[in-house]
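Below you'll find only one chain, the form predicted alone, shown as structure tokens.
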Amino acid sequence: MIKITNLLKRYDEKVALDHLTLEIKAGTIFGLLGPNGAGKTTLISILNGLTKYNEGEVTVFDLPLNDNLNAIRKRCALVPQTLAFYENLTVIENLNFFGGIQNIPADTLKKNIKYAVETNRLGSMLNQKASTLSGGQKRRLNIAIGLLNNPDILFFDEPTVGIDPESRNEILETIMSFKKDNKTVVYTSHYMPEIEKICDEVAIINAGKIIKQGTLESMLTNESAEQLIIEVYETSMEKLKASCTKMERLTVIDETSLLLEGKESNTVSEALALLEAENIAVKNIRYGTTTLESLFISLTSKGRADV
């Protein structure tokens, strides 16, 4: 779907992307993680034809990007972090306007607007001015505008910044639904729980290079470790801490993760019996002490750049 080989991008003498190589498969939700200045925005800009690069090869839909930019753009959409619509227009006026400037045929646009509105649950507010929408509703309008050309690839740049947890969960559910519609999603975020919740595969970028890539399971698993991570369904910290005081080798990482010191069968059995008695449902058990956040911090603590 997207293949990047040896990509180099400079801003004068500053290297933004340092011979970066990356492949994103069709139909996946792909998370792109990196500290500020790592090169994420530059990479997304290049893939959307907004920024040129110095060296390397980029293909999208098996088409060379530079030679097929217009054709590729028609099948992609970028949902930016900033709100990209007119506050003084109503929801439906915004949708019609942004569909119109893309020269989408009337019948197709009508069908695509229906899909965008239903997917983002905007039907009850079509005649509201955008300025009157809540923060979460504005984010959903932003996404709806990105769906007007019915894209095969959607790029999301920090789409949940500044909204409440309930609205964030609604947006994440919407993004996950795109998989059943055979859409590919490239998603950048600083919120680790978001990446863990929605992404099939993740790449960590730092100083313009991909420093680790893979499925979440492969990135976080370390079979040589003497500890196990017990993933549980979300439970209050108070309850988890109280339960873990009953077993010395069991400690809390966060609301969905516990650390078990030791991987012997009797130790695991004791921990599972305790959690069952405490009515704490276990979701998964894996090797290693790594969480996505700790892995991210350890890999990006050096080599930061202001790109």
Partner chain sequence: MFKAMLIKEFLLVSRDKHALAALFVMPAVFILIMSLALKDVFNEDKALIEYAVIDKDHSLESYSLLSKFRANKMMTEHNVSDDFGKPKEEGVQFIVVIPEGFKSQFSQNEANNSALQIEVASDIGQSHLMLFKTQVLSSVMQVRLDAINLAAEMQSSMRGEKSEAKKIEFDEKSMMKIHYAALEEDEKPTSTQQSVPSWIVFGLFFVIIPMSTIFISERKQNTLMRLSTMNVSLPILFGGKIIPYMLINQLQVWVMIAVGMFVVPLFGAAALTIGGDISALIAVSLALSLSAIGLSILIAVTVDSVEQATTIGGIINILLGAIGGVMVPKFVMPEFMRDFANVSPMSWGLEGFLDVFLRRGTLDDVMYEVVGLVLFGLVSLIIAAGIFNYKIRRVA
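Residue numbers count along the first chain shown, from 1. Every value quoted in this text rests on a predicted model; they were computed, and no experiment measured them.
The next section is about a form of this same protein that is not shown, the form predicted in complex with its partner chain.
Judged against its partner chain in the predicted complex with a 4.5 angstroms heavy atom cut-off, the residues I280, N284 and Y287 are out of contact without exception. Taking a 4.5 Å heavy atom cutoff to its partner chain in the predicted complex, the contact residue among V232, L172, V161, L83 is L83. Shown without its partner, this chain lists G123, G100, P165, G214 as candidates; in the predicted complex, only G100 has a non-hydrogen atom within 4.5 angstroms of its partner chain.
Although the partner is absent here, N142 sits close enough that one of its heavy atoms falls within 4.5 Å of its partner chain in the predicted complex. At the 4.5 Å threshold, heavy atoms of L50 reach its partner chain in the predicted complex.
Heavy atoms of E93 reach within 4.5 Å of its partner chain in the predicted complex, making it an interface residue.
Among residues of the shown chain, K197 is not one whose heavy atoms approach its partner chain to within 4.5 Å in the predicted complex. With the partner omitted here, the stretch from 232-240, 180-188, 69-77, 205-213 that lies within 4.5 Å of its partner chain by heavy atoms in the predicted complex is 69-77.
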